[in-house]
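Only one chain is included here, represented as structure tokens and corresponding to the form predicted alone.
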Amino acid sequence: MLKGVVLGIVLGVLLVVAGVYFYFSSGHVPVATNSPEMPLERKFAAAALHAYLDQQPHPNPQVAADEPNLLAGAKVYKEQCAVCHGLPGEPKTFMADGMFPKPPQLFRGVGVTDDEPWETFVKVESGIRMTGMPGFKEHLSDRQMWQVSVLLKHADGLPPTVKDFLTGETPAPVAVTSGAPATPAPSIATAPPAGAAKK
């Protein structure tokens, strides 16, 4: 009796594995960006991302949300992020429209203003697999990534100078384009995970 139950469970698991393998190897998986979503694709992807973020450190922003930092973040955003995530008052780019999943337009609606800056920082630093979102850890300093994160946290309440720079109405101020390297802020990798002190 017990052997039959165990055998049935093993066979059931093998059939599921074989079915999944056949689904992915048979050419029926929707891999084009204009294909319908796979069953539960969005739900599983969101669950994996949220579980990953919950394990990351939750530090406070390492830069102040003042005008110089917001302008510096706006400069990085225009150079590295706007092609996918858009600019205030601008239509979605062809690149953004052709991606799957669609990259959020961060100056429409709430954007990521309801996310804490550390969460945006992690996404900018590490990227998100299978979404087209690259990781910038090897290309931007911690300070630059914090500046972008703080900018996006305050995207719905930016000073006029920052809004004008994002919309191209004014050039980048000298302080933003200065060639002097900024002192990197402490990496969030050195901060303990949230709740670590409770253990």
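Start at 1 and count along the sequence shown; that's the residue number. Keep in mind the model is a prediction, meaning the values are calculated, not measured.
The protein also exists as the form predicted together with a small molecule; that form is not presented, and the subsequent description refers to it.
Heavy atoms of no residue among P88, R108 and A155 are located within 4.5 Å of the small molecule in the model of the complex. When the small molecule is considered in the model of the complex, S126 lies well away from it, no heavy atom lying within 4.5 Å. Interface membership of P57, defined by any non-hydrogen atom within 4.5 Å of the small molecule in the model of the complex, is ruled out. Residue contact with the small molecule in the model of the complex: L71 places no heavy atom within 4.5 Å of it.
Interface membership of P61, defined by any non-hydrogen atom within 4.5 Å of the small molecule in the model of the complex, is ruled out. Stretch 133-141 is the answer when you ask which of 27-35, 159-167, 63-71, 133-141 has residues with heavy atoms within 4.5 Å of the small molecule in the model of the complex.
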